[in-house]
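Okay, here we've got a single chain as structure tokens, the form predicted on its own, with questions on binding and movement later.
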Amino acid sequence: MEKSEREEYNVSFFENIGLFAWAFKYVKPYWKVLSVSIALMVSISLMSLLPPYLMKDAINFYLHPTTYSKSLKPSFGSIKVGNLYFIPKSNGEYTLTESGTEVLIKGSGQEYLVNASVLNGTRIREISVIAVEVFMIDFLVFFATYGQLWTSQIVAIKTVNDVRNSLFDHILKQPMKFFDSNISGRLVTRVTNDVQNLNDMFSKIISSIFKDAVLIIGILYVLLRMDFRLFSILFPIFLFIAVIIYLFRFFSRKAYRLVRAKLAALNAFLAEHLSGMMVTFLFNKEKEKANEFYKVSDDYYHSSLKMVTIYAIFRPIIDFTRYFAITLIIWFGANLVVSKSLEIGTLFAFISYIGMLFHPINDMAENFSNLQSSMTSVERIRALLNLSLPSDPTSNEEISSGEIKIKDLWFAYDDENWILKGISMNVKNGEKVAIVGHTGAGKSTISSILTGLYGYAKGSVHVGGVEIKNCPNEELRNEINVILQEVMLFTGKIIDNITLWDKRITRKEVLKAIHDLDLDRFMLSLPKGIDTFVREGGSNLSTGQRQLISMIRAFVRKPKVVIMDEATANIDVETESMIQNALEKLTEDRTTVIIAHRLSTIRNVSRILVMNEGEIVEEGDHEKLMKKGGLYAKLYRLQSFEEYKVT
């Protein structure tokens, strides 16, 4: 098994204890409800022990009584003979002999006659009382079970809600580097599947294990007190069951890890190949990919089959052991009953308790395997929540203008390979500057640093006189807005995607921003204007329409600096003029940094910075750079030739 699989699924016993302690700190606020749930669990287990015991008394004392004792006072189930009362008792000195309509009570050298109908009436009345008691116990168990399930679910739902909120809040506070190294699918699994496993642990698994443990201990105690001889016969069987459960836990956990690993491989294969289906079709690889999938799916099938086989063996062994135990008790118990050293009601109760004992044993064995899965989820959640958070500057410095000063800036994503190497640049307030260069030259990295998405190793970056390391993120991102090539829109109305649910931005301000950008015609073209519903990712809008919405989103916030990161790439011709017009209004009197790939769109920019391998190698306007004949000129001629070929 791969190292990553061992780390993901193997949690030791002592680690489990630590994980329990960590997880239960989230339960602490709801300890009162949890206490009620635990009390109800104990009550249910104890009440479940009573019916067989009451039925034992019904059989021994009233249905098939053996002996009676004499008393001067009446008692439950007693028979009145003159001024005396005969009470059913297992070690009484009086016996009953029935003869027609008469019943002879004989013992201690004395004899008493009782009418059989009187005796039978007493028996039926007392058995009826016990039947009512059993019914009332079942009735109470019903309501107690309802209360226990309700309280445990309440604790689980509230706890899991707290964990889920804490987890998502913690993820939101992580630096951008965290999201680069963690795929979104893994994070979604943490917030959904792993948290749901936590819910199952609190609401079902732990309560079930606790209840089963109390029931097992209670049954064993009752069996021990009821008859030590029969209990001693069962003792080797109990040891055998303990060994079987241990082996089941060992092999089922191993099989479970394998199934999870194979399932992960199956999901990864599907995610990769469904997203890349076009390539599969274009290169006629359907058959090969189908064969690859068959192999991955077959691995998952065989691992699942192993797990099913383990469960299929465990259940019959436990059932066989139960029936074998019952057979032994019937055999030895019947001999004791015949020899009059054991009452038949006691034998009946003993057999009933054995039947009750194996149900929680089955549940506990299987729940321990499920608990292992939950503990793995808890470990992953804890590892994520234990990640340190970047400290947000606490200064009250405010960005006063759009002036940008970068001096000797060095940056690397992995602290080894430098992306920016000693970059220095100054942008005056209200100036428009373009940054161009080959892919990977470091253009977009500058945008990420200016917005505080990434910290930098060496150098300084000032915006409006404030070092961005000392500027609170909220202030920094209010004053610097980025318009990206790939615009992210969320499910909801267009107005929600403009305000991003910020209640401080009014509908009136949104409409004014649209008018100021001269985009009224664009909004009128949409079915419901700013109330048009946007599907996930903006799939019902064109690339150009999404870009226009992102411009309104930036304009309504009145930032001091606008960064356009390839914002005009991949725009249809029909929308391009509308976007260019909106861009002019958006960037008017604002510091603008244009990160451009299409050099034809920045010909009129007063200053162009040319980057290559993390350094600024050229600087000037279009005409100056073309005359210089350097990297910019080569890039421009190459793009012009490519555009010529296309046209």
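Quick caveat: nothing in here was measured; it's all calculated off a predicted structure. One-based numbering along the sequence shown.
Form predicted together with a small molecule: not shown, discussed below.
Note on the interface: of 477-485, 105-113, 148-156, 441-449, the segment with non-hydrogen atoms within 4.5 angstroms of the small molecule in the predicted complex is 441-449. This chain appears without its partner; in the predicted complex, the one residue of F251, F269, Y454, Y94 with a heavy atom within 4.5 Å of the small molecule is Y454. Only one of Y413, W410, Y353, F368 lies close to the small molecule in the predicted complex, with a heavy atom inside 4.5 Å, and it is Y413. Remark: I419 counts among the residues lining the small molecule in the predicted complex, judged by a heavy atom distance of 4.5 Å or less. Put simply, D298 is far from the small molecule in the predicted complex: not one heavy atom of it is within 4.5 Å.
In the predicted complex, at least one heavy atom of D180 sits within 4.5 Å of the small molecule.
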